[in-house]
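Quick heads-up: it's one chain on its own, the form predicted alone, in structure tokens.
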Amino acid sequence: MAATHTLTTRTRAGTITGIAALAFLAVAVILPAFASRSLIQDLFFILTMLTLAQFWNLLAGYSGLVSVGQQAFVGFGAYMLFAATILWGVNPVAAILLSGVFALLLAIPTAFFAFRLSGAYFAIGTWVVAEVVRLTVAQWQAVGGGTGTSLPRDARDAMWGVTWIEAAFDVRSSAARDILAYWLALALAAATIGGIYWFLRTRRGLALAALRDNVEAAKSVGVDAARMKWIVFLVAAFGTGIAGGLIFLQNGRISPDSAFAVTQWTAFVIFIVVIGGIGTIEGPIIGVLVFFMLQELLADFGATYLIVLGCLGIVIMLFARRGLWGLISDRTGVQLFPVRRRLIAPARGPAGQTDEGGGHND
């Protein structure tokens, strides 16, 4: 019987990464039992920015949709959480899911408009949509209009799980809400990375990579480019909306300027992806850690902080276009989240017979 080659994405480094990720998640879940409140807040920031970066990377790095209007989904998702809580009496934790649903609904007309544009026009078009949404929300007096609003105290106290966390960790309600937000951010980041990794290993993920590399060639082999772009755009909007709702739930206050800030929710996210490595799952992970360290070191220097970020971004784009992870991967050949498919030849037995159950070398 003729031997057949095996198509696989598995590598030894990927297997080790999976085991390490499970161990990390286990430690991260119990971390609030012995970590300080400031550390929990820092980790919340890292996890939410990582989630936003992964979704923007899915858009730009894997499908070529360079959007500078993702703040539209952050802000709209967050505002709908406040609206659901204040106007409709929904528990804030349950309203997080509504943030994603309403962001997805906003993405539908946005896509109809933006997909008629390409390149720089697409990027500018998404920013215009974000500004229109910001100006519209600023007229919504029921949630504070242009000055914004805060979550009512009774709604914060009624958040699911807060009472249990207070008793389990012997902390005050404000610290309990931080722990709850941290756990939700951890779950969201893990689901985002795991979901994107799974998607990229499917046939649709392969089709998405083909579109990124050459749209016409992908179409010639039967890839539905329009459908793939719709799927990616809507998924990214849904996840970005959930992240936005969670961020402002933890803040407890919202305003149009903060919710739709292009610098905070798009420019910084692009910076994270670019310096880490666009088009890779590992890139945003490294990028958000570098971004956080720079923020901690330079936040007290005012404009100097932004100048350093800008200069670093320019240097990376000029001399390491695949980002920091690209440099590491090129030198070591390691892929922590392997998505490239490889043909593995069957192993041969001692007599030269083919052993189709044989292993492979990474």
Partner chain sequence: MIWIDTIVQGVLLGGLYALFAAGLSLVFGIMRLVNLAHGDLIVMGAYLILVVVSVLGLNPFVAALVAAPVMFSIGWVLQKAVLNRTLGDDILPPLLVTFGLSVVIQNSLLEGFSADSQRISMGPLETASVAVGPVTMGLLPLLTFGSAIAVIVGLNQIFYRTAIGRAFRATSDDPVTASLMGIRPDRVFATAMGLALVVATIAALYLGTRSNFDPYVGPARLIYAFEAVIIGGLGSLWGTLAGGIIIGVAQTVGAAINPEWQILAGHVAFLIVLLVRPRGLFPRAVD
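Here the structure is a predicted model, which is why all the values come from computation and not from measurement. Residue numbers count along the first chain shown, from 1.
Beyond the structure shown, there is the form predicted together with its partner chain, which is absent from this document and is the topic of what follows.
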Only one of 251-259, 174-182, 268-276, 215-223 has residues with a heavy atom within 4.5 Å of its partner chain in the model of the complex, and that stretch is 268-276
Quiz prompt | Partner contact for W127 in the model of the complex: its partner chain, 4.5 angstroms, heavy atom | solution = yes
Is S36 close to its partner chain in the model of the complex, meaning a heavy atom pair under 4.5 Å apart or at it? no
Open item on the list: Given that its partner chain is not shown alongside this chain, does F169 nevertheless sit within 4.5 Å of it in the model of the complex, heavy atom to heavy atom?
Closed with: no
| task | Check whether R331 has any heavy atom within 4.5 Å of a heavy atom of its partner chain in the model of the complex, and answer yes or no. | result | no
- Task: Please state whether all three residues V66, Q139 and C311 have a non-hydrogen atom within 4.5 angstroms of its partner chain in the model of the complex.
- Result: yes
Contact check, 301-320 vs its partner chain in the model of the complex, heavy atom within 4.5 Å, ordered by sequence, gives F301, A303, T304, L306, I307, G310, C311, I314, M317, L318, F319
